[in-house]
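The chain below stands alone and is given in structure tokens; this is the form predicted on its own.
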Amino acid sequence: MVGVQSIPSPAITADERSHEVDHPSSHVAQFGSEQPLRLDCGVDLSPFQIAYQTYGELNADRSNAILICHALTGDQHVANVHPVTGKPGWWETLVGPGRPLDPNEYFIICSNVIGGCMGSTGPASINPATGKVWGLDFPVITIPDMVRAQAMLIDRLGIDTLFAVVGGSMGGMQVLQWTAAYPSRVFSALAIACSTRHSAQNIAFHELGRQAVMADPDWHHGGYADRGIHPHRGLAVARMAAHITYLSDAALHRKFGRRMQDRELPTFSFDADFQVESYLRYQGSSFVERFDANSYLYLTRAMDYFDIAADHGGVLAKAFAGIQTRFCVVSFTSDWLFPTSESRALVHALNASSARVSFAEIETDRGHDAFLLDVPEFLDISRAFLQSAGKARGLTANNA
């Protein structure tokens, strides 16, 4: 019989993962029934909570606050050890002492988005009306919903205007939504590897991932939590497919080529003969240790629905009419998930609305994930943009 190697079960139990859902290892802002979150689907979500981390100190005039918006599979643990995986923060290339986002200079905030699974209310949270996990009873959320919740958090922290909002990919979508919805509250915006709407290709990839999750027999129409199980195989396949889109052909060839995994000859089986196969299986199996399957469905759907121009008669420039925010838009040459053409369309719209905008297309073969990696040109551009905005804002060293 031909050998078959499937994706292993996660090493971290569902109980370990679910503890962070309602009792996160971070700050939590709770909002009661008197402060509902009005969702685009027409539902008032209450009560709800937002889990967040902060780094650095807010200065006396509250002018040095930076909000980081995380991507699809990120969370609030941007620059600290992750409480579930034990791994370093996911953006330590950009955030930290001596880095462009230095907590010695700025008060840095990062919250888990609504719909997430690391402490902010989402489908993995307990529904207070039933005492059970929300599952698919949780209302469908959008990028604007995420930003409304973040605005409520910023209000709770006593901050009127953010010095900067920063994010890549889905985080970049939130950055753009912040500037469109709250233009007077954002002094500068760093939008990286993103777009003002999701393309048909990206929607197609997300649907592939959702169908992989829903085809897992352990999904049970979203009710797996009540059975004490998790559709880890389907979620792992979804992650494997998505991860390919975060890379480039050149990066995959450079890193793996056709090299074998711990062997010299093929096994003539369906084992992971190639290094790239082993890598993808690892990405899938490690992902399910920290992420909820239903959250994956909800957040990918939120990205699919995102379309700033749709709320402004289909004219993108109208979304930014009269805006005073300073923008820096960054793309990467090998990013085929959010190609440079989409960043240029955004820049053209900002120019049409007379916004202050700088644009950089960075040459790299690292694909979409380049914004998370140590790409010196990207880090230098980010630092220079924030320093220039800081001078305009009147920020000084250490912002005491």
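Please read these numbers as outputs of a predicted model, since none were measured by experiment. The first residue of the sequence shown is number 1, and the count goes up from there.
We do not show the form predicted together with another copy of the chain, though everything after this point is about it.
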{"query": "Interface membership of K87, another copy of the chain in the predicted complex, 4.5 Å heavy atom rule", "finding": "no"}
{"query": "Close approach of E207 to another copy of the chain in the predicted complex, 4.5 Å, heavy atom", "finding": "yes"}
{"query": "Exercise: A151 in contact with another copy of the chain in the predicted complex, heavy atom 4.5 Å", "finding": "no"}
{"query": "In the predicted complex, F359 touching another copy of the chain (heavy atom, 4.5 Å)", "finding": "no"}
{"query": "Heavy atom within 4.5 Å of another copy of the chain in the predicted complex - residue from F274, Y182, W134, F287", "finding": "F274"}
{"query": "The unique member of F306, F327, Y224, W91 whose heavy atoms fall within 4.5 Å of another copy of the chain in the predicted complex", "finding": "F306"}
{"query": "Contact stretch among 111-119, 153-161, 140-148, 72-80 - heavy atom within 4.5 Å of another copy of the chain in the predicted complex", "finding": "140-148"}
{"query": "Within 4.5 Å of another copy of the chain in the predicted complex: residues from 39-54 (heavy atom criterion)", "finding": "D40, C41"}
